[in-house]
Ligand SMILES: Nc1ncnc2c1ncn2[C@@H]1O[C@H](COP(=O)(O)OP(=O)(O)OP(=O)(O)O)[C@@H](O)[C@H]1O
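Read the single chain below, which is given as structure tokens and is the form predicted alone.
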């Protein structure tokens, strides 16, 4: 589904990814690991079309994530480590997602309830002013409701309490079949029961790619 061929990405004199060739396939559940600065976030942002590669190519189902970003993002769910500064209130955000991604409000409510987030009393609140945990729960609920073929999570449990982490991984186990799931994580113990592949990056290179 995703192919990176000899991809490098530099920022000034800093090399963030160094001639990386890698493939992610349908059914993969991958833990992307490495120290800060290893290139994990850069790799994800190249896949999402946020960055242009300095050299090499990135393709998602044969498509260029820069030139065909709108179409590609229709099949991708992404939850960042730090929730974005969305200025909509919760109700407006849900309405936007439903229109733009053909997601039903009922599905978002269902997954929010599974994450122990009560949307109803918070519909009029600014997303920006929610607690970190509430923001993360809502973004996770939206990502699961979207039923995307590609699911990307960048340290998704960073703002979650232990119960919410358990809820998140329980829901994923029921939603990752026949999909591609990528987890940027420092907590391999959390995802070891749901991933089938572990990739370690260091200084912009893939130093280990193991099935498990």
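Please read these numbers as outputs of a predicted model, since none were measured by experiment. Residue numbers count along the first chain shown, from 1.
Missing here is the form predicted together with the ligand; even so, the following discussion is about that form.
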To verify the annotation, which of these, 70, 36, 163, 178, has a non-hydrogen atom within 4.5 Å of the ligand in the predicted complex? 36
So the ligand isn't shown here. In the predicted complex, which residue out of 193, 25, 21, 14 has a non-hydrogen atom within 4.5 Å of it? 14
Within 4.5 Å, heavy atoms only, one stretch in 164 to 172, 56 to 64, 140 to 148, 36 to 44 touches the ligand in the predicted complex. Which? 36 to 44
Is there a heavy atom of residue 186 lying 4.5 Å or less from a heavy atom of the ligand in the predicted complex? yes
The ligand contact in the predicted complex: residue 75, any heavy atom under 4.5 Å: no
Closest heavy atom of residue 81 to the ligand in the predicted complex, within 4.5 Å or not? yes
